[in-house]
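Take a look at this one chain, the form predicted on its own, written out in structure tokens.
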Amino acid sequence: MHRPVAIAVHGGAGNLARYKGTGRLEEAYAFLEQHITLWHTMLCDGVSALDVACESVRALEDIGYFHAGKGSSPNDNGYVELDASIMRGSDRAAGAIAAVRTPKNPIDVARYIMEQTQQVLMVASEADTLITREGFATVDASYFVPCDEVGAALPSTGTVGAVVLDRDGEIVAATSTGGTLRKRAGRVGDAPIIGAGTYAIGGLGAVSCTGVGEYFLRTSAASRILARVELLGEHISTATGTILTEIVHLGGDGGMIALDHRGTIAMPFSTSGMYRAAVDATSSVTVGCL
């Protein structure tokens, strides 16, 4: 018997209030509203959680509205470094890349590492060599159009991600980022780190995080959310709220999307906004920016 399906996506948390009056929030809202229905329909039609996770993150990378893929911003040396990760809950297979400069869609490379190699994480120039050798679509510096020219003097964080539950009960989490605006070259945040920015456990749930990555790393945020659900029996909303509160108390901020094996969704954030959209197991649709 097929189970209910659910999906949540995010386009990053941060000081989104600075975009009021620019049209950016309205553009992002319209994009999320249109596409969340499409991705949910794919799940209802039997497309796998893994395929829908990659399809949704790829679209978020391509649109240029968010700090991932096309919209990534340069680091303090003036070039873009990209990170991504993906995890499948049923067998806890995972793949990730960090500090790469050439892939058009980093999430596709993370999936390749998960499915076709014995590694989990590959980084920097050797990962870029693999990207070229395996024929992934590549781009040069002219491709990137930093999404944060509006209010660029203000601190900013950003990531995109998806958590997905399909009709067979498979659960997947995926995350991709261009990092924080003018980040230190070589800096890697939580997005490509399994257990910090991305985590999924079959029969339990999935999490994708966004925010100041150092704090999500220090708290092992994604894995500890699911640990609280598993070991303490907490509701997914309680578990995400507890870990986000811990991050805020340490001095960080951000947000996360999470779902449990029943298709219940939580999307808390501590910033002025988080690009987000979801359809839960009851087919209730949520879209928001602020």
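Only a predicted model underlies this, so the values are computations on that prediction, with no experimental measurement involved. Numbers follow the displayed sequence, beginning with 1.
Quick note: we don't show the form predicted in complex with another copy of the chain, though the next part is all about it.
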Query raised in the report: All three of 26, 64 and 115 touching another copy of the chain in the predicted bound form at 4.5 Å, heavy atom to heavy atom?
Result: no
Query raised in the report: Might residue 187 be said to contact another copy of the chain in the predicted bound form, defining contact as any heavy atom within 4.5 Å?
Result: yes
Query raised in the report: Does at least one non-hydrogen atom of residue 124 fall within 4.5 angstroms of another copy of the chain in the predicted bound form?
Result: yes
**Report entry** Any non-hydrogen atom of residue 102 within 4.5 angstroms of another copy of the chain in the predicted bound form
**Finding:** no
Query raised in the report: Is residue 169 a contact residue for another copy of the chain in the predicted bound form, using a 4.5 Å heavy atom cut-off?
Result: no
Report summary line: Among 103-111, 173-181, 76-84, 158-166, the stretch whose residues bring a heavy atom within 4.5 Å of another copy of the chain in the predicted bound form is 76-84
Query raised in the report: Looking at 58, 40, 261, 224, which is the one with a non-hydrogen atom within 4.5 Å of another copy of the chain in the predicted bound form?
Result: 224
Report task. Only one of 248, 44, 232, 30 comes within 4.5 Å of another copy of the chain in the predicted bound form by heavy atoms, so just point that one out. Result -> 232
Query raised in the report: Can you name the residues of 86-115 that have a heavy atom within 4.5 Å of another copy of the chain in the predicted bound form?
Result: 87, 91, 92, 93, 94, 99
